[in-house]
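Just one chain is shown here, as structure tokens, and it is the form predicted on its own.
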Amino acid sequence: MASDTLARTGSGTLSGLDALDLATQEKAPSRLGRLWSATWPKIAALALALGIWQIVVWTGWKEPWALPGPVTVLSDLGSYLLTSALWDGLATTARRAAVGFAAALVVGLLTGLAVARIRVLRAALGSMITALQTMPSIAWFPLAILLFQLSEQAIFFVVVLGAAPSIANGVIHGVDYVPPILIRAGRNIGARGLNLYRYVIAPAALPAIVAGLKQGWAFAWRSLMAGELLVVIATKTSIGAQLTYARELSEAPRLIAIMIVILVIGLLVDSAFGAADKAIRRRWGVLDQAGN
């Protein structure tokens, strides 16, 4: 009986989980199909936003000099992309973002690990980190300007304070949800001190850490844009400074064009974090190899 069943199975008759797995593989979309399924909602959302924008302009709610239409703004954006001012400003802003976020990353990771594993620090600083995370970054600028005047250091100070608490909280939550059995298993095979963090705790907490990094970047970017609007350094152009100049000169098309550039940068960085998160989930086995 068993040999007959085995023979029928070997001859091509699949059942149970094998048939289900085969059906899933057969229905898996192609790479082009996955790309289209991920792209068309964004295109539809963009078209809807442009349509609503144009309708608002047609209603005459605001004068064209205050609220230009999409065609005018996109035309100005095209010419803006060809200017050196944009790329010089992007270089300055990108450098500030990279340095500030890197410093916040170091501070947030070290603080998060320390607070997560040392009970005295958890009691002393746990709620304070959450309070710092909820504090608007703009509220730090009066103190930053008082300490560092209108300088790069003032912007750096606020960017780090804006991003580090979110990163630290991501680390704390990630470490908190590491199963204790993993830590005991690591210790049983000789993992102690830094090796325990490197080989056991950090990999287990990685999804939450990446989520904290993503949120930390959002806070860092917002803090940086606020800083560049408030702390305008005449000798250094930046995206925020150019936004301020466009407002002061009432150049609405250029102002909205710069805002679009800021939005696109945010979307690109979010896509990078999304790709990292997807790779981690796939490695952990919680994302199907053929899934999006």
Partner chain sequence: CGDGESSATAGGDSGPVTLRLGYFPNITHAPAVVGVEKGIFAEKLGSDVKLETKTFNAGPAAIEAIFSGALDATYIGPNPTVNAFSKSKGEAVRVVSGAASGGVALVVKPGIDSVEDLRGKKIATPQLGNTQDVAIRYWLKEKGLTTTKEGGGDVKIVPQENAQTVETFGSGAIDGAWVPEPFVSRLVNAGGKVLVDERDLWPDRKFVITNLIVSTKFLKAHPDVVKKLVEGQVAANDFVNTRPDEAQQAISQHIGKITGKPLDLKLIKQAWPTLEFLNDPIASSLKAGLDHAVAVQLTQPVDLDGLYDLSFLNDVLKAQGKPEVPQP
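We call the rigid core the largest set of C-alpha positions that still match within 1.5 Å between the two forms. Residue numbers count along the first chain shown, from 1. Quantities reported herein were computed from a predicted structural model and do not represent experimental measurements.
Another form, the form predicted in complex with its partner chain, is not on view; read the next lines as being about it.
146 is the sole member of 98, 91, 146, 106 with a non-hydrogen atom within 4.5 Å of its partner chain in the model of the complex. Using a 4.5 angstroms limit between non-hydrogen atoms, residue 249 touches its partner chain in the model of the complex. Of the heavy atoms in residue 141, some are within 4.5 Å of its partner chain in the model of the complex. Its partner chain in the model of the complex comes within 4.5 Å of no heavy atom belonging to residue 50. In the model of the complex, its partner chain sits within 4.5 Å of a heavy atom of residue 229. Contact annotation for 85-107: a single residue, 85, has a non-hydrogen atom within 4.5 angstroms of its partner chain in the model of the complex. Annotation for residue 215: C-alpha shift under 2 angstroms between the shown form and the other one, rigid core superposed. Once the cores line up, the CA of residue 243 ends up 2 angstroms or more apart between the shown form and the other one. Residue displacement note: residue 261 has its CA displaced by under 2 Å between the shown form and the other one (rigid core superposed).
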